[in-house]
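What follows is a single chain, given as C-alpha coordinates, in the form predicted on its own.
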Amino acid sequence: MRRNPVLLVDDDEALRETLGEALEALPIDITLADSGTAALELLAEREFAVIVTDLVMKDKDGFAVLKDAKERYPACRVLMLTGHGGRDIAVRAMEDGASYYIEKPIDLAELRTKVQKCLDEYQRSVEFDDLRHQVERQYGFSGIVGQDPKMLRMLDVVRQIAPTHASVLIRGESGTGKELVARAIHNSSPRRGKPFVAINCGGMSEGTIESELFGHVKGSFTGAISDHQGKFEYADGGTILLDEVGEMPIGTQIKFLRVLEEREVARIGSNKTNPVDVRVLAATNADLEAKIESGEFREDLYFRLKVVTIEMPPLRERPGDIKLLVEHFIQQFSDAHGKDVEAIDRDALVALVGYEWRGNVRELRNSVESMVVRARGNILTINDLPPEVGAPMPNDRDPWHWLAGKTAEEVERNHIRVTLELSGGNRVKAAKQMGISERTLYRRIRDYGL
(Lines give C-alpha, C1' and ligand atoms only; values in the text may rest on other atoms or scores of the structure.)
Protein backbone atom coordinates (compact mmCIF):
# COMPACT_ATOMS: atom_id res chain seq x y z
CA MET A 1 0.00 0.00 0.00
CA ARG A 2 1.31 3.43 -0.91
CA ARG A 3 2.24 5.42 2.22
CA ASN A 4 1.29 9.08 2.12
CA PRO A 5 3.69 11.73 3.49
CA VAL A 6 2.28 13.61 6.50
CA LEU A 7 3.94 16.57 8.22
CA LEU A 8 3.25 17.08 11.93
CA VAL A 9 4.15 20.56 13.24
CA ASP A 10 4.14 21.49 16.93
CA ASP A 11 6.69 23.23 19.16
CA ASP A 12 5.59 21.17 22.17
CA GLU A 13 7.92 18.16 22.03
CA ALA A 14 5.86 15.89 24.27
CA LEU A 15 2.62 16.58 22.38
CA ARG A 16 4.40 16.23 19.04
CA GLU A 17 5.68 12.78 19.95
CA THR A 18 2.30 11.69 21.34
CA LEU A 19 0.47 12.77 18.18
CA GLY A 20 3.06 11.08 16.00
CA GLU A 21 2.62 7.79 17.84
CA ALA A 22 -1.17 8.06 17.58
CA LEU A 23 -0.97 8.40 13.80
CA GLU A 24 1.38 5.47 13.23
CA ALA A 25 -1.59 3.14 12.68
CA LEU A 26 -2.42 4.96 9.43
CA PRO A 27 -0.76 4.17 6.06
CA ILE A 28 1.47 7.25 6.27
CA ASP A 29 5.10 8.32 6.59
CA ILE A 30 5.31 10.93 9.34
CA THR A 31 7.78 13.81 9.36
CA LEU A 32 8.03 15.87 12.54
CA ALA A 33 8.78 19.61 12.62
CA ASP A 34 9.45 21.41 15.91
CA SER A 35 8.54 24.88 14.65
CA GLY A 36 6.75 26.78 11.93
CA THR A 37 10.09 27.79 10.45
CA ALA A 38 11.21 24.17 10.23
CA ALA A 39 7.90 23.31 8.53
CA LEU A 40 8.41 26.04 5.92
CA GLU A 41 11.89 24.72 5.17
CA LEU A 42 10.49 21.21 4.63
CA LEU A 43 7.71 22.55 2.40
CA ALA A 44 10.30 24.25 0.23
CA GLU A 45 11.84 20.84 -0.38
CA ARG A 46 8.86 18.54 -0.97
CA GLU A 47 5.11 18.06 -0.94
CA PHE A 48 3.04 16.51 1.83
CA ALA A 49 -0.39 14.98 1.44
CA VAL A 50 -1.53 16.24 4.86
CA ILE A 51 -0.13 18.76 7.31
CA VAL A 52 -1.17 18.68 10.95
CA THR A 53 -0.06 21.94 12.53
CA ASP A 54 -0.52 23.76 15.78
CA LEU A 55 -2.03 27.20 15.32
CA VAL A 56 -0.04 29.11 17.96
CA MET A 57 3.76 28.65 17.88
CA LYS A 58 6.63 30.85 18.99
CA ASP A 59 8.09 31.72 15.58
CA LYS A 60 6.03 31.13 12.42
CA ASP A 61 2.48 30.26 13.36
CA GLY A 62 -0.02 27.88 11.80
CA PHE A 63 -1.34 30.59 9.47
CA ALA A 64 2.10 30.93 7.89
CA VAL A 65 2.35 27.16 7.45
CA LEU A 66 -1.16 27.03 5.96
CA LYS A 67 -0.49 29.89 3.53
CA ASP A 68 2.80 28.45 2.30
CA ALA A 69 1.41 24.92 1.95
CA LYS A 70 -1.65 25.96 -0.08
CA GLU A 71 0.38 28.25 -2.33
CA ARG A 72 2.96 25.58 -3.09
CA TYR A 73 0.70 22.51 -3.14
CA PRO A 74 -3.00 23.34 -3.68
CA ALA A 75 -4.04 19.70 -3.23
CA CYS A 76 -2.41 19.47 0.20
CA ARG A 77 -4.83 19.17 3.13
CA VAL A 78 -4.15 21.09 6.35
CA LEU A 79 -5.55 20.14 9.75
CA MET A 80 -5.25 22.89 12.38
CA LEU A 81 -4.79 22.26 16.12
CA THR A 82 -6.10 25.02 18.39
CA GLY A 83 -6.01 25.74 22.10
CA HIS A 84 -9.20 26.08 24.10
CA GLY A 85 -11.06 29.21 23.06
CA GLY A 86 -9.34 29.43 19.67
CA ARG A 87 -12.41 28.31 17.74
CA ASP A 88 -13.10 31.62 15.98
CA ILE A 89 -9.50 31.84 14.81
CA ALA A 90 -9.64 28.25 13.61
CA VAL A 91 -12.79 28.93 11.60
CA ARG A 92 -11.05 31.82 9.88
CA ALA A 93 -8.13 29.53 9.14
CA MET A 94 -10.49 27.07 7.48
CA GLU A 95 -11.86 29.87 5.33
CA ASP A 96 -8.26 30.41 4.23
CA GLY A 97 -7.99 26.80 3.13
CA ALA A 98 -7.61 24.52 6.14
CA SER A 99 -9.71 21.36 5.88
CA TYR A 100 -10.44 20.69 9.56
CA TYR A 101 -9.52 21.82 13.05
CA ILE A 102 -9.34 20.04 16.40
CA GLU A 103 -9.49 21.77 19.75
CA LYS A 104 -7.12 20.87 22.55
CA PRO A 105 -7.06 18.68 24.59
CA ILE A 106 -6.88 16.50 21.53
CA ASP A 107 -9.00 13.38 21.15
CA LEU A 108 -6.58 10.98 19.46
CA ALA A 109 -9.36 8.93 17.85
CA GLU A 110 -10.81 12.12 16.34
CA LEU A 111 -7.33 13.07 15.12
CA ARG A 112 -6.89 9.75 13.31
CA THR A 113 -10.37 10.00 11.77
CA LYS A 114 -9.80 13.52 10.45
CA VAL A 115 -6.32 12.75 9.14
CA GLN A 116 -7.81 9.78 7.26
CA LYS A 117 -10.49 12.06 5.81
CA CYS A 118 -7.78 14.48 4.73
CA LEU A 119 -5.89 11.62 3.05
CA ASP A 120 -9.04 10.54 1.19
CA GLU A 121 -9.74 14.11 0.04
CA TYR A 122 -6.12 14.56 -1.05
CA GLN A 123 -6.18 11.35 -3.06
CA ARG A 124 -9.42 12.32 -4.83
CA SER A 125 -7.99 15.73 -5.61
CA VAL A 126 -4.76 14.27 -6.98
CA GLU A 127 -6.64 11.76 -9.11
CA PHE A 128 -8.84 14.51 -10.54
CA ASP A 129 -5.86 16.78 -11.22
CA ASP A 130 -3.99 13.92 -12.88
CA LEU A 131 -6.96 13.18 -15.10
CA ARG A 132 -7.43 16.85 -15.93
CA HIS A 133 -3.76 17.24 -16.85
CA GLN A 134 -3.90 14.14 -19.02
CA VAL A 135 -7.02 15.57 -20.59
CA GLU A 136 -5.33 18.88 -21.31
CA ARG A 137 -1.81 17.79 -22.20
CA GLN A 138 -1.74 14.17 -23.22
CA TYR A 139 -5.21 13.51 -24.53
CA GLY A 140 -6.20 16.92 -25.86
CA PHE A 141 -9.57 17.07 -24.07
CA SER A 142 -9.67 20.82 -24.57
CA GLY A 143 -12.74 22.56 -23.15
CA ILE A 144 -14.06 19.53 -21.22
CA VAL A 145 -14.54 20.77 -17.67
CA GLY A 146 -16.01 18.83 -14.76
CA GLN A 147 -15.35 16.83 -11.64
CA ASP A 148 -18.73 15.19 -11.25
CA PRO A 149 -18.37 11.38 -10.93
CA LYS A 150 -20.41 10.91 -14.13
CA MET A 151 -17.95 13.08 -16.05
CA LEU A 152 -14.92 11.39 -14.53
CA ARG A 153 -16.26 7.95 -15.44
CA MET A 154 -16.98 9.14 -18.97
CA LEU A 155 -13.49 10.63 -19.34
CA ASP A 156 -11.95 7.42 -18.04
CA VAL A 157 -13.73 5.46 -20.79
CA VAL A 158 -12.53 7.98 -23.37
CA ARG A 159 -8.98 7.62 -22.11
CA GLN A 160 -9.15 3.82 -22.41
CA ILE A 161 -10.59 3.61 -25.91
CA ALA A 162 -8.96 6.64 -27.53
CA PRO A 163 -5.74 4.88 -28.61
CA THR A 164 -7.71 2.08 -30.32
CA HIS A 165 -9.34 2.02 -33.75
CA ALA A 166 -12.82 1.05 -32.50
CA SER A 167 -15.95 2.80 -33.74
CA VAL A 168 -17.64 4.87 -31.04
CA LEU A 169 -21.24 6.00 -30.64
CA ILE A 170 -21.48 9.18 -28.54
CA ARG A 171 -24.96 9.75 -27.14
CA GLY A 172 -26.34 12.75 -25.32
CA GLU A 173 -28.60 15.76 -25.46
CA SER A 174 -27.81 18.74 -27.65
CA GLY A 175 -25.18 20.96 -26.11
CA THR A 176 -23.54 18.38 -23.87
CA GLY A 177 -20.20 18.42 -25.73
CA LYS A 178 -20.34 15.38 -27.99
CA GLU A 179 -18.06 16.91 -30.63
CA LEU A 180 -15.52 17.91 -27.97
CA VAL A 181 -15.31 14.28 -26.88
CA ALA A 182 -14.98 13.13 -30.49
CA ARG A 183 -12.11 15.54 -31.05
CA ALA A 184 -10.48 14.37 -27.83
CA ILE A 185 -10.64 10.76 -29.01
CA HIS A 186 -9.00 11.74 -32.30
CA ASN A 187 -6.33 13.92 -30.66
CA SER A 188 -5.25 11.11 -28.36
CA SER A 189 -5.18 8.40 -31.01
CA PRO A 190 -2.40 7.35 -33.41
CA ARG A 191 -4.40 9.24 -36.06
CA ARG A 192 -3.86 12.63 -34.42
CA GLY A 193 -1.60 13.85 -37.23
CA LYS A 194 -4.26 13.13 -39.88
CA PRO A 195 -7.50 15.04 -40.59
CA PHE A 196 -10.47 15.16 -38.24
CA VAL A 197 -13.65 15.78 -40.24
CA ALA A 198 -17.09 16.47 -38.75
CA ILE A 199 -20.18 16.28 -40.93
CA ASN A 200 -23.74 16.95 -39.77
CA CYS A 201 -26.16 14.43 -41.24
CA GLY A 202 -29.25 16.42 -40.31
CA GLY A 203 -31.12 18.43 -42.89
CA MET A 204 -29.26 17.08 -45.94
CA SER A 205 -30.88 15.21 -48.78
CA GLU A 206 -29.70 11.74 -49.72
CA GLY A 207 -27.84 12.98 -52.79
CA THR A 208 -26.14 15.83 -50.94
CA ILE A 209 -24.89 13.77 -48.04
CA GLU A 210 -23.63 10.99 -50.31
CA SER A 211 -21.71 13.50 -52.37
CA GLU A 212 -20.20 14.94 -49.19
CA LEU A 213 -19.24 11.53 -47.83
CA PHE A 214 -18.22 9.60 -50.93
CA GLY A 215 -17.47 12.32 -53.50
CA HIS A 216 -18.58 12.39 -57.15
CA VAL A 217 -17.17 12.57 -60.64
CA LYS A 218 -17.85 15.27 -63.20
CA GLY A 219 -21.22 14.85 -64.96
CA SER A 220 -22.58 12.27 -62.49
CA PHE A 221 -25.60 14.51 -61.80
CA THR A 222 -26.89 17.95 -62.70
CA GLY A 223 -24.52 20.52 -61.26
CA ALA A 224 -21.54 18.14 -61.00
CA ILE A 225 -19.26 20.37 -63.06
CA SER A 226 -16.03 18.83 -61.75
CA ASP A 227 -14.71 15.89 -59.78
CA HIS A 228 -15.25 16.19 -56.03
CA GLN A 229 -13.30 14.40 -53.31
CA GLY A 230 -15.56 13.07 -50.53
CA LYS A 231 -14.89 13.30 -46.80
CA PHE A 232 -13.84 9.65 -46.58
CA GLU A 233 -11.04 10.12 -49.09
CA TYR A 234 -10.01 13.43 -47.56
CA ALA A 235 -9.88 11.96 -44.04
CA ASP A 236 -7.89 8.88 -45.10
CA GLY A 237 -5.77 7.87 -42.12
CA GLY A 238 -7.79 10.12 -39.83
CA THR A 239 -11.21 10.32 -38.19
CA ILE A 240 -14.73 11.16 -39.33
CA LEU A 241 -17.45 12.30 -36.94
CA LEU A 242 -20.98 11.74 -38.21
CA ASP A 243 -23.02 14.15 -36.11
CA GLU A 244 -26.77 13.50 -35.81
CA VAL A 245 -26.20 10.12 -37.45
CA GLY A 246 -29.83 9.19 -36.70
CA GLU A 247 -30.90 11.63 -39.44
CA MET A 248 -28.92 9.86 -42.17
CA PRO A 249 -31.26 8.74 -45.01
CA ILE A 250 -31.90 5.01 -45.08
CA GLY A 251 -30.46 4.64 -48.59
CA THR A 252 -27.24 6.32 -47.52
CA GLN A 253 -27.04 4.06 -44.49
CA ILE A 254 -26.78 1.02 -46.77
CA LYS A 255 -23.90 2.54 -48.76
CA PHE A 256 -22.21 3.79 -45.62
CA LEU A 257 -22.34 0.34 -44.03
CA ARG A 258 -20.69 -1.10 -47.10
CA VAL A 259 -17.84 1.42 -46.80
CA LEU A 260 -17.35 0.46 -43.15
CA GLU A 261 -17.23 -3.24 -43.93
CA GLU A 262 -15.18 -3.16 -47.13
CA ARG A 263 -13.01 -0.15 -46.21
CA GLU A 264 -13.22 1.26 -49.71
CA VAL A 265 -15.29 3.99 -51.31
CA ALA A 266 -16.55 4.68 -54.84
CA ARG A 267 -17.41 8.21 -55.92
CA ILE A 268 -20.91 8.82 -57.25
CA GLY A 269 -20.89 8.12 -60.98
CA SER A 270 -17.73 6.02 -60.90
CA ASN A 271 -17.13 2.27 -60.76
CA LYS A 272 -13.62 2.71 -59.43
CA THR A 273 -13.14 2.08 -55.71
CA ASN A 274 -10.46 3.64 -53.56
CA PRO A 275 -9.24 2.06 -50.29
CA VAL A 276 -9.77 4.22 -47.21
CA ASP A 277 -8.57 3.89 -43.65
CA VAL A 278 -10.86 6.04 -41.51
CA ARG A 279 -11.97 5.71 -37.91
CA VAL A 280 -15.69 6.44 -37.63
CA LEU A 281 -17.23 8.20 -34.65
CA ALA A 282 -20.96 8.88 -34.56
CA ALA A 283 -22.97 11.23 -32.36
CA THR A 284 -26.68 11.51 -31.78
CA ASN A 285 -29.33 12.85 -29.43
CA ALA A 286 -31.96 10.62 -31.05
CA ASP A 287 -33.50 7.41 -29.74
CA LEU A 288 -31.86 5.07 -32.25
CA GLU A 289 -33.63 2.03 -30.82
CA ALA A 290 -36.98 3.66 -31.56
CA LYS A 291 -35.79 4.53 -35.07
CA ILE A 292 -34.81 0.90 -35.61
CA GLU A 293 -38.31 -0.18 -34.56
CA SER A 294 -39.88 2.29 -36.98
CA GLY A 295 -37.58 1.25 -39.84
CA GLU A 296 -35.76 4.61 -39.98
CA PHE A 297 -32.39 3.24 -38.92
CA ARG A 298 -30.69 -0.01 -39.82
CA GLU A 299 -30.00 -2.34 -36.94
CA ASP A 300 -26.84 -3.75 -38.55
CA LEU A 301 -25.40 -0.23 -38.89
CA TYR A 302 -26.37 0.52 -35.29
CA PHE A 303 -24.37 -2.44 -33.99
CA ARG A 304 -21.48 -1.62 -36.33
CA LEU A 305 -21.26 1.91 -34.90
CA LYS A 306 -21.68 1.08 -31.21
CA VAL A 307 -18.58 -1.01 -30.64
CA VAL A 308 -18.17 1.41 -27.73
CA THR A 309 -20.93 3.70 -26.45
CA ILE A 310 -20.23 6.90 -24.53
CA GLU A 311 -23.07 8.62 -22.69
CA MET A 312 -22.76 12.37 -22.17
CA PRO A 313 -24.52 13.42 -18.94
CA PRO A 314 -26.80 16.47 -19.22
CA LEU A 315 -25.82 19.50 -17.17
CA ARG A 316 -28.84 19.14 -14.87
CA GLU A 317 -27.39 15.84 -13.64
CA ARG A 318 -24.10 17.47 -12.62
CA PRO A 319 -25.04 20.82 -11.06
CA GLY A 320 -21.86 20.78 -8.99
CA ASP A 321 -19.89 21.41 -12.20
CA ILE A 322 -21.69 24.67 -12.97
CA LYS A 323 -19.36 26.72 -10.78
CA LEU A 324 -16.28 25.20 -12.47
CA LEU A 325 -17.73 25.81 -15.93
CA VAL A 326 -18.69 29.41 -15.13
CA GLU A 327 -15.18 30.18 -13.87
CA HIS A 328 -13.69 28.52 -16.96
CA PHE A 329 -15.90 30.52 -19.33
CA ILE A 330 -15.28 33.80 -17.49
CA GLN A 331 -11.55 33.42 -18.04
CA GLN A 332 -12.01 32.28 -21.64
CA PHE A 333 -14.28 35.15 -22.67
CA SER A 334 -12.51 37.81 -20.66
CA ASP A 335 -9.39 37.02 -22.67
CA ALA A 336 -11.28 36.72 -25.95
CA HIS A 337 -13.12 40.04 -25.59
CA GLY A 338 -10.44 42.05 -23.84
CA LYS A 339 -12.49 42.39 -20.64
CA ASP A 340 -11.17 42.44 -17.07
CA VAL A 341 -13.93 40.29 -15.54
CA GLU A 342 -12.40 38.24 -12.72
CA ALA A 343 -15.24 36.44 -10.96
CA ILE A 344 -18.96 36.12 -10.28
CA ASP A 345 -20.72 37.06 -7.06
CA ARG A 346 -22.71 34.65 -4.93
CA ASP A 347 -26.24 35.77 -5.90
CA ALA A 348 -25.52 35.51 -9.62
CA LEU A 349 -23.94 32.09 -9.18
CA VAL A 350 -26.91 30.89 -7.15
CA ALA A 351 -29.19 31.92 -10.04
CA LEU A 352 -27.05 30.02 -12.55
CA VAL A 353 -26.97 26.91 -10.38
CA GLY A 354 -30.75 27.04 -10.02
CA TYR A 355 -31.55 27.52 -13.69
CA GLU A 356 -32.84 24.66 -15.87
CA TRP A 357 -30.13 24.42 -18.55
CA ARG A 358 -32.12 22.74 -21.30
CA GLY A 359 -29.41 23.68 -23.79
CA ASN A 360 -26.79 22.18 -21.46
CA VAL A 361 -23.19 23.39 -21.50
CA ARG A 362 -23.64 25.20 -24.81
CA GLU A 363 -26.43 27.33 -23.35
CA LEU A 364 -24.42 28.05 -20.20
CA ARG A 365 -21.41 29.00 -22.31
CA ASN A 366 -23.44 31.43 -24.40
CA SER A 367 -25.01 32.96 -21.28
CA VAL A 368 -21.64 33.53 -19.59
CA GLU A 369 -20.22 35.05 -22.77
CA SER A 370 -23.18 37.44 -22.90
CA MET A 371 -22.63 38.36 -19.24
CA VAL A 372 -18.91 38.99 -19.76
CA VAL A 373 -19.49 41.13 -22.84
CA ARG A 374 -22.12 43.27 -21.08
CA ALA A 375 -20.41 43.42 -17.68
CA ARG A 376 -20.00 46.89 -16.19
CA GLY A 377 -17.38 45.87 -13.66
CA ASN A 378 -14.86 43.14 -12.97
CA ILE A 379 -17.33 41.04 -10.95
CA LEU A 380 -20.41 39.57 -12.61
CA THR A 381 -23.58 40.29 -10.64
CA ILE A 382 -27.21 39.32 -10.80
CA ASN A 383 -27.78 42.46 -12.90
CA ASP A 384 -25.64 40.93 -15.65
CA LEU A 385 -27.78 37.79 -15.95
CA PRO A 386 -29.65 37.19 -19.22
CA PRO A 387 -33.40 37.80 -18.75
CA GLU A 388 -34.33 34.13 -19.01
CA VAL A 389 -31.85 33.20 -16.28
CA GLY A 390 -32.86 36.05 -14.01
CA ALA A 391 -36.28 34.43 -13.50
CA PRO A 392 -35.36 30.74 -13.14
CA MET A 393 -37.87 27.98 -13.57
CA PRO A 394 -38.66 25.84 -10.52
CA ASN A 395 -36.89 22.51 -10.31
CA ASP A 396 -35.46 20.26 -7.64
CA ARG A 397 -32.14 22.12 -7.60
CA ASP A 398 -33.52 25.63 -7.14
CA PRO A 399 -32.24 27.78 -4.29
CA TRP A 400 -34.55 28.37 -1.34
CA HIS A 401 -36.51 31.46 -2.40
CA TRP A 402 -37.60 29.90 -5.69
CA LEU A 403 -39.18 26.79 -4.15
CA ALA A 404 -42.80 27.86 -4.10
CA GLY A 405 -45.10 24.97 -3.19
CA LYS A 406 -42.32 22.92 -1.61
CA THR A 407 -42.38 21.61 1.95
CA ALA A 408 -40.19 23.18 4.63
CA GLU A 409 -37.94 20.09 4.53
CA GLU A 410 -37.52 20.38 0.75
CA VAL A 411 -36.68 24.07 1.06
CA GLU A 412 -34.07 23.40 3.73
CA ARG A 413 -32.58 20.46 1.84
CA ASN A 414 -32.10 22.53 -1.32
CA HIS A 415 -30.83 25.48 0.71
CA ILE A 416 -28.12 23.26 2.18
CA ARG A 417 -27.31 21.66 -1.19
CA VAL A 418 -26.83 24.98 -2.99
CA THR A 419 -24.84 26.52 -0.13
CA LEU A 420 -22.50 23.51 -0.05
CA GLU A 421 -22.01 23.73 -3.82
CA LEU A 422 -21.17 27.43 -3.64
CA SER A 423 -18.78 26.94 -0.71
CA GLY A 424 -16.88 24.21 -2.56
CA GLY A 425 -18.03 21.58 -0.06
CA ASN A 426 -16.50 23.43 2.91
CA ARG A 427 -18.97 22.60 5.66
CA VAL A 428 -17.59 25.12 8.14
CA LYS A 429 -17.97 27.93 5.62
CA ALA A 430 -21.43 26.69 4.62
CA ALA A 431 -22.62 26.60 8.24
CA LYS A 432 -21.35 30.12 8.81
CA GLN A 433 -23.09 31.41 5.66
CA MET A 434 -26.36 29.78 6.74
CA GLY A 435 -26.13 31.07 10.31
CA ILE A 436 -26.30 27.64 11.93
CA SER A 437 -23.84 25.59 13.95
CA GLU A 438 -21.60 23.04 12.30
CA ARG A 439 -23.17 20.32 14.45
CA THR A 440 -26.63 21.25 13.14
CA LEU A 441 -25.36 21.28 9.56
CA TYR A 442 -23.75 17.85 9.94
CA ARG A 443 -26.98 16.46 11.36
CA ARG A 444 -29.05 17.94 8.51
CA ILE A 445 -26.62 16.54 5.91
CA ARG A 446 -27.01 13.11 7.46
CA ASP A 447 -30.79 13.36 7.76
CA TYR A 448 -31.27 14.53 4.16
CA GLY A 449 -28.75 12.08 2.71
CA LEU A 450 -26.63 14.82 1.13
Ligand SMILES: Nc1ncnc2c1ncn2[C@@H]1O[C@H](COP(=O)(O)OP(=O)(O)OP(=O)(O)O)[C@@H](O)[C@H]1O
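What you see is a predicted model; the values in this text were computed from it and never measured. Numbers follow the displayed sequence, beginning with 1.
This protein has a second form, the form predicted in complex with the ligand, left out of what is shown; the following refers to that one.
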Practice task
Only one of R304, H328, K114, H228 comes within 4.5 Å of the ligand in the model of the complex by heavy atoms, so just point that one out.
Solution key: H328
Handout entry: Residue (of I89, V145, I161, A224) lying close to the ligand in the model of the complex, criterion heavy atoms within 4.5 Å
Key = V145
Exercise for the section: Please run the contact check for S370 against the ligand in the model of the complex: heavy atoms, 4.5 angstroms, yes or no? Expected result: no
Exercise for the section: Answer with yes or no whether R362 is in contact with the ligand in the model of the complex, where contact means some heavy atom within 4.5 Å. Expected result: yes
Practice task
State yes or no: in the model of the complex, is some non-hydrogen atom of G354 no more than 4.5 angstroms from a non-hydrogen atom of the ligand?
Solution key: no
Handout entry: the ligand contact at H216 in the model of the complex, heavy atom, 4.5 Å
Key = no
Exercise for the section: With the ligand left out here, work out from 173-181, 191-199, 94-102, 68-76 which stretch has heavy atoms within 4.5 Å of it in the model of the complex. Expected result: 173-181
